[in-house]
Every structure is written in C-alpha cells, then in structure tokens.
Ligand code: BG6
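To begin, one chain is listed below as structure tokens, in the form predicted on its own.
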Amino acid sequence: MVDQADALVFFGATGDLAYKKIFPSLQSMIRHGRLNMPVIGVARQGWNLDQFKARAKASLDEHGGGADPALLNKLFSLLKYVDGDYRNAETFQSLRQALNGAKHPMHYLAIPPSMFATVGEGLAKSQCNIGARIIVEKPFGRSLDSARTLNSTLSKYFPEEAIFRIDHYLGKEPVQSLLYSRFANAVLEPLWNRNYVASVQITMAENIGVQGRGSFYEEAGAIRDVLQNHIMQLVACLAMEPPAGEGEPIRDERAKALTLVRTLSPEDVVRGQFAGYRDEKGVAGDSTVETFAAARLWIDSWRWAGVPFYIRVGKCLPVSCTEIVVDFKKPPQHVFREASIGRSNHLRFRVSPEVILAMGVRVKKIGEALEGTSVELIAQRHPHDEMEPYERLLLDAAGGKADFFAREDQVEEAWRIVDPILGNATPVHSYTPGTWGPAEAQSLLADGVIWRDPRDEGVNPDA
C-alpha cells in the first residue's frame, strides 16, 4: 500500500511556473474535491503570507479562468509560506515547523537544477526528506553527463522510487489516450511492426516564435527544449512492447524502447533557424542555435528494424499542432488499372490542439471505372473539463503513482540518443517564418516519401 502524501511543498513558489501552472492546478484540484493537504510555498522574496495569497489570486485571475470565491477561500485556508534563502539551515527549520508533523510530504522543486543539490542537502539535514517524495521539473540536465550528475545528486537524498521527474507531456490526456489506443485495440497489434509499417512521422509545430524568451532559447534550442524529452516520450509510447500491466511495467517498456533507439549521428539531423531569430532580445547576433530540428531515428528491435521514424520540431511554422502519422506499406500489386493508388493507408494521431484518431483507407469512386480515392475514417473526441497535465501529475505523485513520470534510466537513454548532435555538430539552415522549415530537411526522407504536414480537418487527404 503506497502512502498518500499529506503536504505539498513547492520551492520557487513566487516564480513563473507556480504563477502560470501550479496555482491554477491547485484550484482545479479543489474544484474536483482532490486537495485537502497543506500547501507550503518556499521562496526568497521577502514576502509574508498575505502577499503570497495575493500572488495566488492574481495567478488564478490571469491563468486559472478567474478566482472562484469559494475555491479561493479553500485554497487560502491551505496555504502557508516560508521565506528564506535555500542555503540557510534556518529556512529548512522553518519548513519543518510549517509541515507540523506531516509524515509524507512531497517537495516540488520549481527551481533551476543548479539549486537541486542545495535544497536536497537542506531537506536531508532538517530531516524533511524522511518519508517524502521529491518532484523535479525538466530539463533533467543539458547532456548525458550532466543528467547522470543530476541523478546522482538526487539519489543522495531520495531513493529512486521517491523521485518524480515531471515531463508535463506525459500528463496530457491525448498522450495517455495514444498509449491506451495502442494496447486496447486488438486490430492494431498485428499491423504494428516492420512487416506492415513503412515509416512513422512525428511533427511538433508551433506557429509562434520565442516570444521574448530569447535568452532562454539561446541556452536550450529545439533539440534540448522538446526533441530530447517530449518527442522521445512519444517515440517510446509508439515503439514500446505491451506492458504486463499498469504501474512500473509501463515505465519498464518505455525505457526498454529507448535503449533500442540508435544514437543519432550528424547525417541523421537537419537544424534550422527562422529568419529574424537573431533580432530577438537576448539572442546573439551570430547565433547558431536551432529553432527547428528534423531527425531520422532507427530502432534496432525485431519489431521496428528498418522502419524510419521521421521527427520534426520547430517554431514559426505554419500551424501549432502535434501529430503522428503511421504510414503503412502499399499493396504488393496493382490489381486495378490505376496510374497510381495514391497515398498508402495510414493511421493518424493528432495530439494537439484537438484529439483525433483517424485511419486512412482507399475507397472506390462512384461510377463504372474501378478507380479509387483516399478517405479518412475519423474518430474525434472533444474533451470536456479535461484535467490539465499538472493537476493530473500532482495527483499521481500524491498517490505515489509513477506511471507517467520519467525514470532515471529513461532520462539517460534519451540524452544518449541526442548527445552527439547537440550544439554545432551540424550546420544551421535559415528558413522563412510560416514555412515548414529549411528545404534541407527533405534529404532525411527515403525516395518517394514526403513530409506529412498537419492540415486543417476536412482537407482532401490526397492533397
């Protein structure tokens, strides 16, 4: 029996993440009757509890759809605040007093990774780590070596089963729906292998730029920002073998899938930078940081040998959308006298902004000739009152459920895959905002293959 958390402590409580994501999630948890433990904010801001409460209300007004008076009063009754320097033992003694005997607190580190060791040591010396869980935000390092160092640091103060690494993408309803659809439908499994699948494409596109976050993006870039984490999570969900059940078996199979992904080499990657990026505040005039990355992945398993996984991520692209397209092989013979049988059968998962599962098939055109056209059979769900990722993941962590958190081995495998192509291992090509990235990305595709650009619903799939 896993112990339920009895207090939530979040370090960096006055920061941007808490303001945009955590407070709205707490209000939603109260709305759903799922939050009754004390919530203790810790920061070095010189604030008192009333100022902290004012920050919470402002957050809900701006990012939580407005502060509901009844829910806000409930939240206020749970809030506590500890102000102090993370380097001072007195801060953690004050935290221990605020915990008031809580036996299973969870400590959320919404702070830079450079402070993890300091906070971990402070929690250990004050014995606030006993029976506790720790939740840490991505990025889990900047490279394979730094990820290993970070994991080693965390393990000094917490056992692996008490470390919850948040990649909010795993908390998204559509991503969990993708995993469910794979293993809850027997019709897919016979086709889900190299015998029938020609290729897999994953596109994560944003139609916005860096939005004033040039300094951050100079440190991250598209590969570190989304390809190493969000995209690798999707690859693992698509490529993994059926788990024995919920819980740790799911994490076992996700990690195993990533161990089989071949380490990327420069010839497998094309980087791009949208024209005008270097004019952004905080960006170097000669920056070679990528705002677009395309990659060709190979998975050395019996199931996926020889099947390319084509990846694209980028900013200032035509749409904001995340979509997965599994293209199946064409029939071995043209039974009917058609010049072309058009697009092959495919399965399309749209992960955002809407949730779509669609199957592409060929059907006969009306008329005398045995000619066909491509159509999609679409199953679409419009979520109502869908749980936000942070709410879902906080609740999972409170209950000790780690299915959709990244494990140490999975994090290190994801870094191992991208490590050789970080930095300037490949040239960066300019592309025009509003296009699908540099033309050089086409060079990654096999002959006759094109990028499957996400499109508005209702457009002819042959287009």
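Position 1 is the first residue in the sequence shown; the rest follow in order. This is a predicted model, so every value here is computed, not measured.
Absent from the display: the form predicted together with the named molecule. The rest refers to it.
- Only one segment in the set 357-365, 183-191, 163-171, 284-292 has residues whose heavy atoms sit within 4.5 Å of the named molecule in the predicted bound form; it is 163-171.
- Each of 204, 213 and 226 comes within 4.5 Å of the named molecule in the predicted bound form, counting any heavy atom.
- In the predicted bound form, the named molecule sits beyond 4.5 Å of every heavy atom of residue 346.
- In the predicted bound form, the named molecule stays beyond 4.5 Å of every heavy atom belonging to residue 251.
- Using a 4.5 Å cutoff between non-hydrogen atoms, residue 315 counts as a contact of the named molecule in the predicted bound form.
- Within this chain, residue 230 lines the site of the named molecule in the predicted bound form, having a heavy atom no more than 4.5 Å away.
- Only one of 104, 74, 138, 142 comes within 4.5 Å of the named molecule in the predicted bound form through a heavy atom, and that residue is 138.
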